[in-house]
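Coming up is one lone chain in structure tokens, specifically the form predicted alone.
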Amino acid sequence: MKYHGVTLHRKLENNIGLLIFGILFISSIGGLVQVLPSIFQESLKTATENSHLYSAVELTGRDVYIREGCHVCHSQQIRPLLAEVERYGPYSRADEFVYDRPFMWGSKRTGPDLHRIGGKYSDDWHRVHLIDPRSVINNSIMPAYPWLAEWEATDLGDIQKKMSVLRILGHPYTDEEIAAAPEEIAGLSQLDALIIYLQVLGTGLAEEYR
């Protein structure tokens, strides 16, 4: 006696085409479950008092953060669990990420979550830590980034063009802010810009949620 489920499973195993289709079909369902909520969730599109519009310097620092792969080891998403809140601070709210393109949520924590890192340490601490992590934390496995202190922030590309494109996507930059952008980042190193970006992370949360 053959069970229908067993017969169907054998057909899938013996037919490469059907097996590939089944894998892709199941995988697409999993992908849609993750993607669709972020498309239709209104709180990810509507700016509130918790939403922080990045300045030209902060955008530049964020580009450094992405280029150097900081998001691979550090998440920016504190979940609403007691252990998370006790360690990192108030849990992350969706409207805090309205102006994040791309999102830096992440899921891997080789290092700690950085969503509430802003203001926790001084600029000097961040500077020393990024240039030589072991001089601050003895057993740190974080790589050093000394070259960032030598590279100019202006090397990251046309900041005005970037802000103009983001304005098309809904970021409310004014003509004055875009025009002043090159002057804001002039004379800064990429390390300076990265520190300024880190110092603003998670600082815009409304007082009632802190």
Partner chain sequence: MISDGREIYHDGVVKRLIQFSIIWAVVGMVVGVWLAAQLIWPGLDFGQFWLTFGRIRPLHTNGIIFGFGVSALMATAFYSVQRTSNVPLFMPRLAWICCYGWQVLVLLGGISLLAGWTSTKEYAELEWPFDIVITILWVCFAVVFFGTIATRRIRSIYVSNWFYGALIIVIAMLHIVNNLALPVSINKSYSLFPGAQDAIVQWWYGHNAVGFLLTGGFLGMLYYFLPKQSGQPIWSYRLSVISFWAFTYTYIWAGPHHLHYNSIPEWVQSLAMVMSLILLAPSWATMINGIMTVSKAWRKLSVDPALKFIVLALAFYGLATFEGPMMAIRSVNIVSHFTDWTIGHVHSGALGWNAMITYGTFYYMVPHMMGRELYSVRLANIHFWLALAGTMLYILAMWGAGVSQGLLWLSIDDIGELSYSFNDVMAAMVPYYALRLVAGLIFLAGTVLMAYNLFRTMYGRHTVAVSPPLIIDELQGTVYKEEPREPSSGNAQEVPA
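Positions refer to the first chain, counted from 1. Here, rigid core means the biggest group of C-alpha atoms that superpose within 1.5 Å across both forms. Only a predicted model underlies this, so the values are computations on that prediction, with no experimental measurement involved.
The discussion below concerns the form predicted in complex with its partner chain, not included here.
Heavy atoms of residue 145 reach within 4.5 Å of its partner chain in the predicted complex, making it an interface residue. Using a 4.5 angstroms threshold between heavy atoms, residue 184 stays clear of its partner chain in the predicted complex. Contact between residue 112 and its partner chain in the predicted complex is found at the 4.5 Å heavy atom cutoff.
The shortest heavy atom separation between residue 132 and its partner chain in the predicted complex exceeds 4.5 Å. Although its partner chain is not shown here, in the predicted complex the stretch 87-101 places heavy atoms of 87, 88, 92, 93, 94, 97, 98, 100, 101 within 4.5 Å of it, in sequence order. The Cα shift for residue 174 between the shown form and the other one, taken after rigid core superposition, is smaller than 2 angstroms.
With the core held fixed between the shown form and the other one, residue 35 has its Cα displaced by at least 2 Å.
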